[in-house]
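Okay, here we've got a single chain as structure tokens, the form predicted alone, with questions on binding and movement later.
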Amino acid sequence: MRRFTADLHIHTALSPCAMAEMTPPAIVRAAAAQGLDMIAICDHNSARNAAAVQEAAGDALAVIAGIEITTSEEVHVVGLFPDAAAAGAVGARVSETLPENDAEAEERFGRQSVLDAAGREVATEPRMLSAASTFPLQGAVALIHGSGGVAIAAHADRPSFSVQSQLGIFPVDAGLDGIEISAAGRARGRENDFSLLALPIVASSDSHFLSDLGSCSTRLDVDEATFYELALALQGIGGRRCVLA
């Protein structure tokens, strides 16, 4: 086994709440500067920039294609996938349930930039990515699993947009594959709040700014830095494991 350092929740400028500086080449440079071996691109309700970050990284960095779905209950769920096509298929399904974006929404929530590997804007996303989808929590988890992905409860320690904040409980029958703790939660030891749930715990930055990237990370004891090894580590198969950094 080898040990890799991963930040599994990073936004690009496609997310309306992320900064314009979050371009594919800038993210790759910042990840390298932080000594990360693996990152996951998880924009709100879309995966349209994941392939561009993968292209920008080349062989220098493992980039997992992901999405952060806002469920109908306004729970945030991170989906991680074996490739950008699988993530894109889920993003397309989620997109169908979102309202159209407009100038007022862009002014209020921010621009939604679809970028190429060089960081140039090639389009803007026409759907309102800040809105909730119509998928309930279990439906979102099933959608992720249907494309071969793993589903992780995003920033479970936070007082908003987390499973417990929105539902009042952590539903053990939702089919989630893991629990994510935020950087602030990690600093306060909030992972201990979820120790009885028998789910693996990861820590991720949920970065919307370059300066936040890598501020919280997970160490993976796996054979190589790939989605498939990550999925095995979440299941604890063959000695693979996730360790909070």
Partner chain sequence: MNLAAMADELSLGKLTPELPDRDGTEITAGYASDLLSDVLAHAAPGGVLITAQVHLNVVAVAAHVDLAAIIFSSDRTPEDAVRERAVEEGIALFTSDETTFDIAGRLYALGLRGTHG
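Bear in mind the structure is a predicted one, so any value in this text is a computation, not a measurement. Residue numbers count along the first chain shown, from 1.
FYI, the form predicted together with the partner chain isn't displayed, but the following is about it.
- Contact between residue 110 and the partner chain in the model of the complex is not found at the 4.5 Å heavy atom cutoff.
- At the 4.5 Å threshold, heavy atoms of residue 169 reach the partner chain in the model of the complex.
- Heavy atoms of residue 116 never reach within 4.5 Å of the partner chain in the model of the complex, leaving it off the interface.
- When the partner chain is considered in the model of the complex, residue 73 lines it closely, a heavy atom lying within 4.5 Å.
- Stretch 160 to 168 is the answer when you ask which of 160 to 168, 87 to 95, 100 to 108, 120 to 128 has residues with heavy atoms within 4.5 Å of the partner chain in the model of the complex.
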